[in-house]
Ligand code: ASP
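The chain below stands alone, shown as structure tokens; this is the form predicted alone.
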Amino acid sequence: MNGLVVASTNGQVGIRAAIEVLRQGGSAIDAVIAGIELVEANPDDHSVGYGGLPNLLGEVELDASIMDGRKLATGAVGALQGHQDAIALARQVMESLPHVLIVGEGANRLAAEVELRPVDLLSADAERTWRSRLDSPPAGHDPYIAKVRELVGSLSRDPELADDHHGTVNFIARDRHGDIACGVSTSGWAWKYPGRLGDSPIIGAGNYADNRWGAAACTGRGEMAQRLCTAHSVVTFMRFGLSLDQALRKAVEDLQALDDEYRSEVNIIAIDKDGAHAAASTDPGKTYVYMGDDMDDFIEADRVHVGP
């Protein structure tokens, strides 16, 4: 059985490392961690790890989750500060604690206890973006941007709302034993209210894996995926007989029908139990990447666009 890695487009930074883990006989969990850690360390990616854009108060808060599709074991962290390796800490929660989700000061404490390297997460580039002014009107009268502008005025000074004010990295891997794992890491929406958790650390919302049926993970407006349990829904749709493509389309149709004042894009990557892969988005023109352990390099492919 060949190994496979599927990731959001920004995962191309780590996908080769993830595949190499599988080529060496490593587990799907190990591959997911290896891929995501490189994205977390990438200062050019302002949606994940080091260099992530901060909250309203200028603090970078990280969220992550990991799920083992063979055991249905999972671990997650939220609002982690001062440590870059959020996905590694999520694994520690899964493997060393009788809990699933640890957030805030508890996550910071656990990171110190397991001796993760402390990191000042706010890069100079991210800080410049955060401090730049909000003088231009919200593009397209985006209500989220308008609301953030309002909050910025009362809670912080001079941040800019970038065009791409949200983002996440997700990886799904299937190893040579057929085991599936899924991981997600993010710094969340830029200028979010302090302590906000999106779908990334919420198992079933932004991340879900089950060897029997497949796996799915989301990026984009996490509040929408939280309300619909989107990642779990994709896997459940496959469990009840829908094909991978049908399951993705159904999940995106549900997202498109959701009444959400702050509506934004949601993207999903997924695989089925046989290792077929696909991705979908509420917005056109989105892509994802995949690579098999028999391939020379990754391929960037189009996501299916499911319109309203």
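Start at 1 and count along the sequence shown; that's the residue number. Small disclaimer: the values here were computed from a predicted structure and weren't measured.
Note that the form predicted together with this ligand isn't included here; everything after this is about it.
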Heavy atom within 4.5 Å of this ligand in the predicted complex: which of Gly214, Gly78, Gly75, Gly220 fits that? Just give me the one. Gly220
Choose one stretch from 234-242, 118-126, 81-89, 190-198: the one whose residues place a heavy atom within 4.5 angstroms of this ligand in the predicted complex. 190-198
Verify the contact flag for Asn207: yes if a non-hydrogen atom of it lies within 4.5 Å of a non-hydrogen atom of this ligand in the predicted complex, no if not. no
